[in-house]
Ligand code: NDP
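Shown next as structure tokens: one chain only, the form predicted on its own.
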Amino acid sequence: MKSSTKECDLFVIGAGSGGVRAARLAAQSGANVVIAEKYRIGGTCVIRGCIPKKLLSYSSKFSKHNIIAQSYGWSFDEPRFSWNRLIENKNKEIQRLSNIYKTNLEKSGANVIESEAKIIDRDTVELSNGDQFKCKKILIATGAKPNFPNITGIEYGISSDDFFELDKLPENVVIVGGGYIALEFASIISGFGTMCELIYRGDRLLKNFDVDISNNIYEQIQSDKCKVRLNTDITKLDLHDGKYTATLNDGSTISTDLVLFATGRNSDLSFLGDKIEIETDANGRVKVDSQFQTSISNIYAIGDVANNHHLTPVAIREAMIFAREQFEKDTDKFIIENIPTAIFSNPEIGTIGLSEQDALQKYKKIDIYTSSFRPLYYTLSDVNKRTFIKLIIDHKTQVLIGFHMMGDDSAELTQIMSTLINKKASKTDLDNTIPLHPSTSEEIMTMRNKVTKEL
């Protein structure tokens, strides 16, 4: 078939959360928009990230809830879990969401193309069938892909992306990594009853989070189904008789059914043609300025492919800012700061604002309030899950500058606390709020034991 050349105002490469939002807004403003996706519309978050992960996280927690229910007088037959049913239902939901994304794009007037696309020069995009588009503007929204360490036998390992498509749940799994993806999958896998060993080369989990969160999750995530080894790394993988053997840096070995690498994600630069160069940073991420402009003036990048914050809501906000500035000529300034973050581990983690370490560096003198307790929900059972809450206050102004929580509903409470931090609420504002009793959130309003630290 003979290839053709067409024209457009905006060509978006990647139909994930950021790309879809940018394409829709630009098309609704009257621009001629084309968006191409080489895999499935929805991107990492919908297809192989946030949504399927949260669904698996929900499922894995029912084992704990069944145990606790007995302490409240409920009795059940022996519970049974079907991996195949879970994955089947998960796939149906993912397909439903993907279809919604596609439908909304088409309703906005965007031209949706399910094909790989590459930038071959500053204003030309080529599809896998040879068709080309001459573009006034190009937006890169290709996201990121799993990073694997350079070790012998790495081809035997899988990523979190691959885990969602497993035909069956293994009896034991080794997870390599100490970040949020590693912790989430350790919680999911152990919650299903599978033996899980978490191996991390660093000396503490969640190295970029508040140190108290790191210390508390290290204690709480371990169970009879989940073990954690710090200062440990895999140097080699072998396959023998259907089992994998992981050789560790101390010379010992582990035999397992599956090795999952949660060792970070790299920008997906597959959009680059052979004759086009776009400047990247030391980590291989596309460098952009405050208007998301790359080193080529009419080419822009948002989301995980760029050198900004790697979170779905941030990509969506960046897409909104890009579309308004470029196609609606909206000059309103939107500030991306104080970004709430959640980790759907067990226990859950939520955080907003500065960690203790960063707050000390910025403010030099801070007040810290902490609370650690066993929630009422668990008190009738033998389950010893604890909740930890930490407030960080600027000593001079008494303004709340950091909130960190580990425990049930951390994500939901962190979202509320993010508003208070953005509105610069003070410790007095919290003290003057009547707490709701009995609830976990009342602890936020009743903290009185203060530790002052000064740099």
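Residue numbers run from 1 along the displayed sequence. Everything quoted here is computed from the prediction, not taken from an experiment.
Same protein, other form: the form predicted in complex with this ligand, not shown, and the subject of what follows.
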Heavy atom within 4.5 Å of this ligand in the predicted complex - residue from Thr263, Ser267, Asn346, Gln326: Thr263
Contacting member of Lys53, Lys38, His395, Lys427, with respect to this ligand in the predicted complex [4.5 Å, heavy atom]: Lys53
Proximity to this ligand in the predicted complex (heavy atom, within 4.5 Å), stretch among 133-141, 171-179, 271-279, 101-109: 171-179
This ligand in the predicted complex: contacted by all of Pro149, Lys207 and Ala342, heavy atom 4.5 Å: yes
Partner contact for Glu184 in the predicted complex: this ligand, 4.5 angstroms, heavy atom: yes
Contact test in the predicted complex: Asp233 vs this ligand, heavy atoms, 4.5 Å: yes
Close approach of Leu311 to this ligand in the predicted complex, 4.5 Å, heavy atom: yes
This ligand contact in the predicted complex: Lys118, any heavy atom under 4.5 Å: no
